[in-house]
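Just one chain is shown here, as structure tokens, and it is the form predicted on its own.
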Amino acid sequence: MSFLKKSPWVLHYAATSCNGCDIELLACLTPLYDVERFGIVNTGNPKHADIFLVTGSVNEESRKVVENLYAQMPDPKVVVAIGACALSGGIFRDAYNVYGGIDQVLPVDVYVPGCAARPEAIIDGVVRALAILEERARERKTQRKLVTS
């Protein structure tokens, strides 16, 4: 993570879901899995977040919140869809008020399948997101050098 100047911070938003993936995501923070060993810091403020973790399907109400949170995050940023509901709408996909997965609203960089997604899969998704975040940070640094040259 040579291009990242700080530990990556994650923001979690639970859209409309059964909360199974949310529980598994919280398990990643326990000493058993300890996602903080990768330098990950959990935050509630989108202005400090680098990685946006979304669980659950998207409906009209959650769409506004998700778009607002994403817009407040500074660049570079990465979106991780966690669980079947975030990927495709899951068992709620045929409901009258569900758009589908989070990729119907935001550009998703990493998909973590499962119902509920296992903590190991979530951690793998976050590690993949870290690689994407580092690549985007490297690209930004290169672009800045070209502009200032």
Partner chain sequence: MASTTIVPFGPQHPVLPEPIHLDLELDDERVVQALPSIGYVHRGLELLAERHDYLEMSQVAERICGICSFIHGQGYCQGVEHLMGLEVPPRAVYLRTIWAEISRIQSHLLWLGLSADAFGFESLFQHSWRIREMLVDIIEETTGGRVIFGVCKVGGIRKDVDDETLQRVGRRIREIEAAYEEVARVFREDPTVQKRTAGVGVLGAEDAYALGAVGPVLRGSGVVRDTRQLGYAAYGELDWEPVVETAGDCYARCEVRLREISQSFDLIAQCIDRMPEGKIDVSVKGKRPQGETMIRLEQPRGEVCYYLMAKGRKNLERFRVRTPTFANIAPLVQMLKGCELADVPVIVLTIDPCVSCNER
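Predicted model only: the values in this text are computed from it and were never measured. Residue numbers count along the first chain shown, from 1.
Beyond the structure shown, there is the form predicted in complex with its partner chain, which is absent from this document and is the topic of what follows.
- Its partner chain is not shown here, but in the model of the complex it comes within 4.5 Å of a heavy atom of N59.
- Within 4.5 Å of any heavy atom of its partner chain in the model of the complex lies no heavy atom of L133.
- Contact annotation: L11 falls within 4.5 Å of its partner chain in the model of the complex, judged by heavy atom distances.
- Although the partner is absent from this view, A116 contacts its partner chain in the model of the complex, with a non-hydrogen atom inside 4.5 angstroms.
- For the options V110, A27, V105, A121, the one in contact with its partner chain in the model of the complex, meaning a heavy atom within 4.5 Å, is A27.
- Residues are counted as partner-facing when one of their heavy atoms sits within 4.5 Å of its partner chain in the model of the complex; in 8-25 these are L11, H12, Y13, A14, T16, S17, C18, N19, G20, I23, E24, in sequence order.
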